[in-house]
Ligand SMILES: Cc1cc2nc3c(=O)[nH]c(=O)nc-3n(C[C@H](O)[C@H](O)[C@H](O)COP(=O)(O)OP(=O)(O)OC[C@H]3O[C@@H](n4cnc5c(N)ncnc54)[C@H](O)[C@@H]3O)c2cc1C
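Take a look at this one chain, the form predicted on its own, written out in structure tokens.
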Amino acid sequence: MQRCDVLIVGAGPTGLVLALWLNAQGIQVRIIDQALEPGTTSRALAVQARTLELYQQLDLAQAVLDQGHTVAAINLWVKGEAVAHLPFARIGEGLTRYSFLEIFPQDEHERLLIDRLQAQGISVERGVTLRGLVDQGDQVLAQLQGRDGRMQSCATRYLAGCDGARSTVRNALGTGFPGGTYQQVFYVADVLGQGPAFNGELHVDLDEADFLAVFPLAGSGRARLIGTVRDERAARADSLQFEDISRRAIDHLKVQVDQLNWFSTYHVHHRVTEQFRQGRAFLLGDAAHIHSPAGGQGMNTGIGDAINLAWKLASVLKDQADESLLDSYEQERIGFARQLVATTDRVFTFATAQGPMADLLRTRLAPLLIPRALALGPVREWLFRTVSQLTLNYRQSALSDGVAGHVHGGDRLPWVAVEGRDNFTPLNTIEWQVHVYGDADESVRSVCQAEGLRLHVFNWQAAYGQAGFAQDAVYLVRPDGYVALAAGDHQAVTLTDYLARSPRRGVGL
């Protein structure tokens, strides 16, 4: 009988990040995957700013930037001509350290995470399949089958299902997966090529012909093509080769493919499971929700699931919080997943709809209106905040309370850099902490000392007010960088009251 604190089933980005985050907090993890080797092909490409901010806490962000590719602009094409150029290099300037769109393919992303885990002495157990699980109340007993066919048992305090859309964990829990499948068939091709669409920017064909997007990858002439398969070819998608794909959109973008590295077809689904937690078992990433690739949200949302759950599991396992804290995982993540499915569905429908009206909207109105809209600062900021997931908040969570300035409990801590000092640097310790922008009252300092909370005081600057902070207010920040409590008045009393009723336990410094 093997034992661990957390058994992670599935070694995609979600499972790997969960393992890294738990290990960084001293939790014993075991991560298994039924695949014998890591994936070498993938559709997920974008690493959003919020993910990079969270990666900064584990010293991972710079490695992604070093190996990935920053997209300087998006180009819209109609009838073989580029009709709109949308600069994206610094679209989120002033909102985050990562004010751009970063491309880092999932297969390369996974290799980076695997290498980091191995450097910490943790290896993915390959060829190991979950055959069954029983929640015994105080632990989960998992039945595992190794690559040699032998069965083994593993007793774990908690089990995390990160095993994708066909999740064995979800099926064992019986939480369902309501939703549907879009009728369109898509293809993805990793290529080396030439032409104007290989200039390091993102190119999208809006024509009435097949949809096609050309995503730049790091390295000269490298790109990922994602497009639709229409007409009679869609009926035989499983047997299609790249040579069978319509060349209309490819020719419209003047794409010349010199070398095909790999090619695949797929359907797009939109589903959310009915429960993210059942007892001591949790569902994360594609095991819990899948949706259209519009906006590059899927992989990032799974990583967000992992980080949200990781600090809560660590707190409970280290007896720093009551087990009721784990109830907030589903509460905080399932609503976002449902909202995301609805939002990406609308964007996906617009991009792939057929018919005269849809063609008119895409080919005439979109190239005219989108650049004008993005020329407006508020529109540009709203778009970046939404796509980058900076706007994601947990205001409705039981863990969130109060408002001070424009910052509510549940909001992501606003990022501010003043005179070379970044208020996100203290988040690298992955712990509860208190921020004060201005002067901290002695009573607040006393509460922090008694409760084991590090206090970070930032001398007041106008930039903090512009970011939404209230001068001298108290902001209790969670280990994942979200504000739990914002207290503008009676700070010490409000902070004490919050801590008295929260699942967190004071641990002393």
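Sequential numbering from 1, following the sequence displayed. These numbers come from a predicted model, not from an experiment.
Here the subject shifts to the form predicted together with this ligand, a form of this protein not shown in this document.
- With respect to this ligand in the predicted bound form, the three residues 12, 32 and 162 uniformly fall within 4.5 angstroms at the level of their nearest heavy atom.
- Across the options 56-64, 41-49, 472-480, 445-453, residues that bring heavy atoms within 4.5 Å of this ligand in the predicted bound form belong to 41-49.
- The closest non-hydrogen atom of residue 230 lies beyond 4.5 Å of this ligand in the predicted bound form.
- Within 4.5 Å of some heavy atom of this ligand in the predicted bound form lies at least one heavy atom of residue 297.
- Contact check for residue 130: a heavy atom falls within 4.5 Å of this ligand in the predicted bound form.
- Contact check for residue 433: no non-hydrogen atom falls within 4.5 Å of this ligand in the predicted bound form.
- Proximity to this ligand in the predicted bound form, defined as a heavy atom within 4.5 Å, holds among 193, 293, 426, 367 only for 293.
- Only one of 188, 240, 325, 154 comes within 4.5 Å of this ligand in the predicted bound form through a heavy atom, and that residue is 188.
- Counting a residue when any of its non-hydrogen atoms is within 4.5 Å of this ligand in the predicted bound form, there are no hits in 50-82.
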